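First comes one chain, alone, set out as structure tokens in the form predicted on its own.
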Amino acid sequence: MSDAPASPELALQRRLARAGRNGIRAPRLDDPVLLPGPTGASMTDRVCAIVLRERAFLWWWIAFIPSFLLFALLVVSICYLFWAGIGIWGIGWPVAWGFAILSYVWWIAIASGGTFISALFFLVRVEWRTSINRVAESMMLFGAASAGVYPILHLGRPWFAYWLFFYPNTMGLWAQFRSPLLWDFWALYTYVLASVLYWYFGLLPDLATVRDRATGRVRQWVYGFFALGFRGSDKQWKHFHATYGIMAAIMAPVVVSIHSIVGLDFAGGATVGWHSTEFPPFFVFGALLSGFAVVLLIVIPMRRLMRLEDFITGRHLDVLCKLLITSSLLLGYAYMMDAFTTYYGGDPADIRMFGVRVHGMYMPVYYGAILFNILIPQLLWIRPLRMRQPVVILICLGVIVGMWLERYEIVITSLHRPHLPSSWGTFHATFWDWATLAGTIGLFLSGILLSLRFVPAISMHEMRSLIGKQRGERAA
């Protein structure tokens, strides 16, 4: 018997064989993007079997029922809002923007982070994106839906939301083109429309695959209807790849513009603490951080509960954790510049407001954002911790809380201390503020769970290409 050391691939196969006997495949730092063993056919069988199950998993019902109840709470909150008006929220003077706007910015950041992963990394052709782009796109879609609820409700008279459109009205008046809120409307409208088209178009080949494997007539008809006649001909594939690449090239700058314009909503006003040119990149850094955190929160339990360890490996967790560290450092730089420009500018109102953040009544909010967004993510510099899934989940949950605290700090602390001391006031959230926020979380989670149940969780056509490429390289 030879004493030569085994090749890395052979050692990996032996480890996977032992893991298969034990029923556990824990992620490791030396994992490749795709574990050896699965073929294109076996991968397709596994993903389609999840979608075509007669009954959902028990864990799916355990997660879906409370999520749907939270969504029902959102419906109740909206109905009561229509009946009683936005006075049921804690907004007033001087804090006219409360939970509605800060939660809107929080949700649109989460959606934007999903677009970064799917579109931007598609353009640079990174292989690890293939297993998680469907999750990122679903997160983008339902995050945008949760965000879109708030601006319409905050109008006070949602039935007049169409006034924001450009149309020749009877009074001959047009929208105020110089208003940042109008910019925000068109940015959000463009982003939501492009997100739906991008998500749905990327699904067409996989919907056709599920249609061809479905046995019941109802499922065949439903998946066939949404597959839009896709049959996988050479001509259809040629048009698909060209169109999908163009849409990804459009989505990459759109996602930067949407969150930059959200930052301009604040920077365009003369409000204390907002009138700053750093807000567009500041908000983009926050979108990256929250997006990577939410993707990890979805991917880690999904790979275990849906038995997708062969396709979502330790390599994916390692890369996403590194990106989380990078975006955390970028956001930390933005925090430092925010403090520097406040004191360097010398505006007494800005300095007074920032002092309230640092050592006033909102001190826990400010330091909570720094703790959860900047300090705790630095634990991921320790390489073994990036493979400790419970630790990563706790860090990502902290990031999500920290990003919401950051939005609270930006919106509430700036508005409650305007230039005139006679106009100072405080904000107190009501039950309906918290109920609406919890309801949008239920909307997001319900949408994600429904997509995992009825839509392939992994992009099968892209995964087949990756499997074929890696098998060809190994054969060569």
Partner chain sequence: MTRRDIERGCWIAAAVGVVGSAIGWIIAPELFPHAWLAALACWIGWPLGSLALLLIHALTGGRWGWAIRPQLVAGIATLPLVVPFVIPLLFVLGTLYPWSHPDAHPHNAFYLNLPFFYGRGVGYIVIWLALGGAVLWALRRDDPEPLLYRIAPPGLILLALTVTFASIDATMSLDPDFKSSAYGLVIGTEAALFALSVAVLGATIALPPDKRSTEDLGKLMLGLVIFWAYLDFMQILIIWQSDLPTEAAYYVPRVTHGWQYIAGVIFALHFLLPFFLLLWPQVQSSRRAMGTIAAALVAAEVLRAWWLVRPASGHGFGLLDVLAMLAVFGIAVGVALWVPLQSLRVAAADRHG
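Bear in mind that the values here come from a model prediction, so they are computed numbers and not experimental data. Residue numbers count along the first chain shown, from 1.
From this point on, the text means the form predicted together with its partner chain, which you will not see here.
Region of this chain that lies against its partner chain in the predicted complex, out of 295 to 303, 387 to 395, 338 to 346, 96 to 104 [heavy atom, 4.5 Å]: Every other range fails; the passing one is 338 to 346.
Touches its partner chain in the predicted complex: Arg178 (any heavy atom, 4.5 Å): Yes, Arg178 lies within 4.5 Å of its partner chain in the predicted complex.
4.5 Å heavy atom contact, Arg231 to its partner chain in the predicted complex: Because no heavy atom of Arg231 falls inside 4.5 Å of its partner chain in the predicted complex, the answer is no.
Distance check, Glu278 to its partner chain in the predicted complex, heavy atom within 4.5 Å: So Glu278 counts as contacting its partner chain.
4.5 angstroms heavy atom contact with its partner chain in the predicted complex for Tyr367: Close contact is absent here: in the predicted complex, Tyr367 is far from its partner chain, nothing within 4.5 Å, heavy atoms only.
Answer option from Phe142, Trp404, Tyr191, Phe285, heavy atom within 4.5 Å of its partner chain in the predicted complex: Comparing distances to its partner chain in the predicted complex, the residue within 4.5 Å is Phe285.
Selected contact from Ala248, Leu264, Val356, Ala208, since only one has a non-hydrogen atom within 4.5 angstroms of its partner chain in the predicted complex: Answer to the contact question: Leu264.
Contact set, 223 to 260 vs its partner chain in the predicted complex - heavy atom within 4.5 angstroms: Val256, Ser260, in sequence order.
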